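You are given structure tokens for the same protein chain in two forms, set apart as structure 1 and structure 2.
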Structure 1
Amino acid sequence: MIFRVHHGSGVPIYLQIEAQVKQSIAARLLREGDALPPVRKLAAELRVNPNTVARAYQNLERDGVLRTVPGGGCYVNSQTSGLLYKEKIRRLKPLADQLAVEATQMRLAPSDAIDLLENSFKSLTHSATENSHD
């Protein structure tokens, strides 16, 4: 699993790591039970403070995406697929609101924003299909 961060992007590095882990799970590059790199190893590879990686992992664990085994590392959790529908909607609503705000500020038609989202789903589905043939 290769993570990349962009130091000058304006997006906090821990959020970049969180997003990449979630995207890797959605694309099935990471699956239930897969181990993530140890905090110090990933921090060294990304050339960031280990506390930054630890924060990302802690947030992902809090959200139920990862589970931590004391002294044994972090693993992709199976609980996210078992979340109640209301909880899934609660977690996604802020992201949907943000997309709507950004699209409106850029004067993008709602249909274009919806097309963008649908294309993202297709891209993830395509990645998952490719990975299932490996």
Structure 2
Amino acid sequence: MIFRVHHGSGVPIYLQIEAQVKQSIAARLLREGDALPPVRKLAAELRVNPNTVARAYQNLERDGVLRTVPGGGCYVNSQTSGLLYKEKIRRLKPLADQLAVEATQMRLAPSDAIDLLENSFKSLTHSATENSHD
């Protein structure tokens, strides 16, 4: 599991870590039960304070993405979201709205925006199949 981080990007380190973990799970590079790097190891790799990594892991645990055993380690959770369909939609709507507004703003046709989203999904499943023979 390789993570990379940009210090001067303005984006907080812990958010960059969270995003990469989520992406890795969505792309099935990380699967249920897999162990994440220990906070100290990852922190050393990224030249960052262990607390920064810990913060990312804690946020991910709060979001139900992973479970953590104090003294043990951090592991990818089963990704069963117990959410109702309507609740999922409610949470994703702001993001979709923003995408629609920005696309309209730059006069991109809705169909093109939809193609773009389809491709984002395809990218996920592609990296999944690429790594399914390990």
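All residue numbers here refer to structure 1's sequence, counted from 1. Rigid core (definition): largest C-alpha set, two forms, superposition within 1.5 Å. Keep in mind the model is a prediction, meaning the values are calculated, not measured.
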Form predicted together with another copy of the chain: structure 2
Query raised in the report: Under a superposition restricted to the rigid core, does A113 display a Cα displacement of 2 angstroms or more between the two structures?
Result: yes
R90: Cα shift between the two structures after core superposition, Å, came to 4.3
